[in-house]
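Take a look at this single chain, the form predicted on its own, given in structure tokens.
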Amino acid sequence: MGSHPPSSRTALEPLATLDPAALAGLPPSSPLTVRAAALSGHLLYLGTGGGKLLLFSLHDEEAASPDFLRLLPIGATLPVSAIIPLPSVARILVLAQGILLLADPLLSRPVRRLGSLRNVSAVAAHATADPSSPSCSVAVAVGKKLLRVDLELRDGDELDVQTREIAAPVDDVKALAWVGDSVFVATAMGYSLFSSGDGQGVDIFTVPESSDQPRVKPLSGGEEVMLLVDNVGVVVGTFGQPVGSSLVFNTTPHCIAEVFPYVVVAGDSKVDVYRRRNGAHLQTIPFARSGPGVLIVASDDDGRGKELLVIATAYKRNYLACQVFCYRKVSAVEQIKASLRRKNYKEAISLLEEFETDGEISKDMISFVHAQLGFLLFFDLRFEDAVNHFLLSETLQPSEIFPFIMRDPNRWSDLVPRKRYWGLHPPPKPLEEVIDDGLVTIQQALFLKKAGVDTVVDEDFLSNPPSRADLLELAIRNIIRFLCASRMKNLSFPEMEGVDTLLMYLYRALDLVDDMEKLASSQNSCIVDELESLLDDSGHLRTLAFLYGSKGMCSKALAIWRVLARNYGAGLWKDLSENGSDEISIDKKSSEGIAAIEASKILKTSSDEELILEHLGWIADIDQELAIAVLTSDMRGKQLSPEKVIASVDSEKVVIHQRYLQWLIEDQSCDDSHYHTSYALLLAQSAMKAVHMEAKYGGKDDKEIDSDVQFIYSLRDRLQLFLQASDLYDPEEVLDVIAESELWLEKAILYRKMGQENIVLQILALKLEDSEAAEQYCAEIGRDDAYIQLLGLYLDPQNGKEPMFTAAVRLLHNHGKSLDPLQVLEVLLLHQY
């Protein structure tokens, strides 16, 4: 056997070489010419041109010599042309000189003839669906007849043989194949198929007269057959319809075998290996010709030996002994491993995809290979590709990446699994060391390249060497991508802690502030002890505050927000203002507001009264609305003590006092008269300011009035509504506050609460001059004397005012019929009318 040509792919590897004649003890004067070969499990059958059957036992172990078991002569004038193992009936079917012979699997007994058939041109066995069945069938071409022979194993190792015709006469049959219910027939004219049940036939296609010997080969799976037309293998289904793509061979095959997922064809002086799915040529095994003859290839299509291939040389020249070469399919894993050893990553990925498609590699091994590829690419500084493969691996644990980020020993060292990959890459180590070693390798490769020596270093790196800083940033960004994806997996709690904490380390390394704060403020598994010094020293206080807050460390978080708010209001922005920035005031207000907002989020859910009141003041200084939201939050389990709240709020923060008391009374249904009175007093004081502001801005359009002024205007309405609705406040205290003011309607409400009817009527009729309201109030009193009293006020307003005749006439018109005429006359006479 000649040496293999350089190839990047080895699908079949040599297992053993045997000299049949020497192993069988035959003298050199009696050379063997192999005409047929067959594999059945670990047994190899060879048929010779001199009418001999030889049996050998093969071993899976590499370099183990096959064992010769037996030689069985069948007749010197009976050259063997085909050997078909029939394991279901414990027989070997032999086609020799046109007759069919049966032998036992160990060739321990003389052969027996199968029937009286002569001039058999082709034979094919039907694959048995049930391997435990003690029967099988074969199709036989005898002259123009196509026969079906059914064999059944009986007790005593006897065979029951039944023969019947399948179809109409068929001329010049060259080859047969039986797949499913269809018997495929190859003739010099073309290919056809017949039903093994009813004999119905159909032509598949014809071939040119100049075509070489037709051949038909059943393929594994039991549903496809390859029909050979010169150097093209047409794959058809059980009904003769083409399926998939055809295989185009480099030469016209003399013999075809299959070692799934490969098709192996033998030519004049070489054996070629093709991928069955797409016809890609993978490997060539050359043989030096020593005379006329052909190469024979055989495999076990239905047994344990389907991983093996036998190549027999049938060359005859100068009594040179023929040889048989045993090959073994290289496993998917070994082929991928070989590519990775050569750092041919593109080929390894292609192989992985190919074997995954063919079902030649398990799901776990696919994940293993992706992980192995990732580590190799990582150490070759191809970080993006490496992480892409890490993400494709379902078995790679995130903790396997931790050593790239943090030097051992560390908190997570025990989590890192001691997986044994293929020993193709060094153990993981910190990124800086990986990059430094990689850069040294690139420099060495550049030197070798100048010396004319090829290297496996990426050509892109050689033509444009990267900088250490760029590589470090690229590596960190891609590890970040991997850790972010890992967060979506169902990890153990310690591993989740490692992922989040180290992710924060990497964010900080690239100063990705937004990402840091997003992680810290969301639900996370970061370990505070590992990060607080790091974040504090680097000045990432906002991130640290978010982290404290997410871990329930509210006091520490609030302390930071308070410091940040103070800094925003003092030194930090003082420095900026010296630079003349036009956006200082806007940014200052915005940044202070952010600090207050984040602090208020924490306080809204806290029930720690002392903590809330401690930080309420500075929040209120920045935004009173936030302070109100903190005090009135319904997100806490236990509400605050109103007494302590009111005592702690700055008395100058009137709006906070008002809004808090309003919430306490209206939303919390507080019935404490003290708080009702306090609320009424605050509203009254604000209403008095509203009157003052109304006088000040009365001549202006509403659009010109500041929003704060507009807010004050609404207070009178709120005061009036509250004074009318509540019965729990002290009206006298409120009257004391507004006694000197012009809040006459409010005074009327208060006097009414106190039962001072005459004063109420005076206010309504004389101060407010609201006749309708005055009459309505009389109706509410329900006594006629109230109307008489109102009539007297209209006729004698006093204080120098003119009598209100119109109002008096209106009153008499509306209610005169119900009044006592004498009382009306007395009032009129009293006032001299």
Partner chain sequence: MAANAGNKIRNAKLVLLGDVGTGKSSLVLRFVKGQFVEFQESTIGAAFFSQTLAVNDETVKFEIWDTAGQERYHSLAPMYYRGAAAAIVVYDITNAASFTKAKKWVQELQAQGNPNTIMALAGNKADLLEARQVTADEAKAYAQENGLFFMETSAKTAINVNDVFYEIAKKLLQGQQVQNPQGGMVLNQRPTERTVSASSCCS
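As the structure is a computational prediction, the values presented were derived from the model and not from experiment. Numbering follows the first chain given and starts at 1.
There is another form of this protein, the form predicted together with its partner chain, and it is not shown here; the text below is about that form.
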In the predicted bound form, segment of 242-250, 483-491, 669-677, 106-114 with a heavy atom within 4.5 Å of its partner chain: 242-250
is_contact(S210, its partner chain) in the predicted bound form, heavy atom dist at most 4.5 Å: yes
Contact of D181 with its partner chain in the predicted bound form (heavy atom, 4.5 Å): yes
Touches its partner chain in the predicted bound form: V232 (any heavy atom, 4.5 Å): yes
4.5 angstroms heavy atom contact with its partner chain in the predicted bound form for F205: yes
Contact residue in the predicted bound form, chosen from S195, S269, Q756, T441 - any heavy atom within 4.5 Å of its partner chain: S195
Answer option from M365, I656, I476, V236, heavy atom within 4.5 Å of its partner chain in the predicted bound form: V236
